[in-house]
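Okay, so here's just one chain, in structure tokens, the form predicted alone.
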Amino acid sequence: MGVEVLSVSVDSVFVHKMWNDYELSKMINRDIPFMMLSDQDGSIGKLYGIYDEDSGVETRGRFIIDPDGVIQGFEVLTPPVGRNVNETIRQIQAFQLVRGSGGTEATPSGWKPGKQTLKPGPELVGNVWKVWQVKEAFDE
């Protein structure tokens, strides 16, 4: 997809290695497929607003950053709730399509590659319901 994936946590590189060797690699039958960075002082988490000073941990967050360094999307969840990798992939595909179109296309809720896009403009205002088939997004 032409993206770079980085994982960042306040855990040390040694904890990352243990997690990979004794947990993750057993779940996916291989080593972690992306780089894990250690943010032991929370400086990266502070920049993204996910570092909790009181507990010294970072809330789980996912940030989609475009090639210009601009955050295009993010999701922050409390630790007991897992993320959806398929949704992340879908969003990356949508952001790539919109960027590639130079802003002449937009993706409606639930859009997937190959599905209908929207053409932003004054004529679309108040007429999205005519253009986009809502049923399509909920037929999953």
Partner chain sequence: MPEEFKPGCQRPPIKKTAPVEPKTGGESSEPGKEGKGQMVKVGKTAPDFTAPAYYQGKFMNVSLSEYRGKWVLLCFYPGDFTFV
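Because the structure is predicted, anything quoted here is derived from the model rather than measured. Residue numbers count along the first chain shown, from 1.
Omitted from view is the form predicted in complex with the partner chain, to which the following refers.
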{"property": "Residue 99: touches the partner chain in the predicted complex, heavy atom cutoff 4.5 angstroms", "result": "yes"}
{"property": "Contact flag, residue 114 vs the partner chain in the predicted complex, heavy atom cut 4.5 Å", "result": "no"}
{"property": "4.5 Å heavy atom contact, residue 38 to the partner chain in the predicted complex", "result": "yes"}
{"property": "Residue 83, heavy atom within 4.5 angstroms of the partner chain in the predicted complex", "result": "yes"}
{"property": "In the predicted complex, residues of 64-88 near the partner chain [heavy atom within 4.5 Å]", "result": "64, 65, 66, 67, 68, 69, 70, 71, 72, 73, 74, 76, 79, 80, 81, 82, 83, 88"}
